[in-house]
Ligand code: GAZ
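Have a look below at one chain only, the form predicted alone, in structure tokens format.
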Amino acid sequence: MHSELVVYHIPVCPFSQRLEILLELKGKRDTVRFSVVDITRPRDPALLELSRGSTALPIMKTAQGVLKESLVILRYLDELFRETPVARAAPYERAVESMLIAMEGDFTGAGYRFVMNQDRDRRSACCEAMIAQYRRLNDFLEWQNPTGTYLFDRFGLAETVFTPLFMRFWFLDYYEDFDVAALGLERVARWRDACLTHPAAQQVSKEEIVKLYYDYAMGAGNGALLPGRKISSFTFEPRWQGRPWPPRAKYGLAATDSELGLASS
């Protein structure tokens, strides 16, 4: 292991999972130490010093200094361990790959706004915004590789970027009854399904996502506590495997700590 390569990250963070997927693809997972940060507690002053006051994670400490932003760290790791490249090598293909990756921000924003929405009257607009994002992706993939599975001939950098978000959006399946397969967008559905089942991308499960992101579904992100609650759904203990599945209804009374398996009473 390279002791000088340390990633500080939040458990089940999609932006951190990108780094894990890339390293798995390269067979280099053990070359980087992943240090878990408890999102339910104040940041360690030493970590804030490393991040220059920012609470955004992941960040990576290297022998030369600290790197921020998951896409930047992805590029760095891909170039550092260049013997097994994940990004496309040909300039035009790399540009096409970058065009697709540039669509990730709007896709991510639409998904998180949808799950965190607490206004039943806005649900339809949030749903349509999410559908529009899947249509954009479908159109791009049909334009670039209509008969393929991935953007190119293999799971690459664009897949590494989007796969953790496809996984996080399992919370839309569960809490919003959002069914991607029902959209009739065959090309993006084929891409998504292949990404979700790729062997290098199995760091998290649907059950884990649904249970830990319950508070997001109730409008409280980043470890914030909901009224009447004392324990975040992102807490390390009790472990998510021993908790019951949360209630699917999100536009009503929120579950208590006890009902979520977070406290005995």
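Remember, it's a predicted structure, so these values are computed and weren't measured experimentally. Note that residue numbering follows the sequence shown and begins at 1.
Omitted here: the form predicted in complex with the named molecule. The next part is about that form.
*asked:* Give me the residue from Gln203, Thr31, Thr55, Thr40 that has a heavy atom within 4.5 Å of the named molecule in the model of the complex.
replied: When the named molecule is considered in the model of the complex, the option within 4.5 Å is Thr55.
*With the named molecule left out here, work out from 62-70, 23-31, 204-212, 225-233 which stretch has heavy atoms within 4.5 Å of it in the model of the complex.*
Stretch with heavy atoms near the partner: 62-70.
_Can you tell me whether Ile10 touches the named molecule? I mean in the model of the complex, with a 4.5 angstroms heavy atom cut-off._
Contact with the named molecule, yes.
_in the model of the complex, does Tyr216 come within 4.5 Å of the named molecule, counting heavy atoms only?_
Looking in the model of the complex, residue contacts with the named molecule include Tyr216, since a heavy atom lies within 4.5 Å.
*Is Tyr112 close enough to touch the named molecule in the model of the complex, meaning at least one heavy atom pair within 4.5 Å?*
The answer is yes: Tyr112 has a heavy atom within 4.5 Å of the named molecule.
*So in the model of the complex, does any heavy atom of Pro14 sit within 4.5 Å of the named molecule?*
Judged by the heavy-atom cut-off of 4.5 Å, Pro14 is in contact with the named molecule in the model of the complex.
*Do all of Arg18, Thr108 and Met116 end up near the named molecule in the model of the complex, with near meaning a heavy atom within 4.5 Å?*
Yes, all three are in contact.
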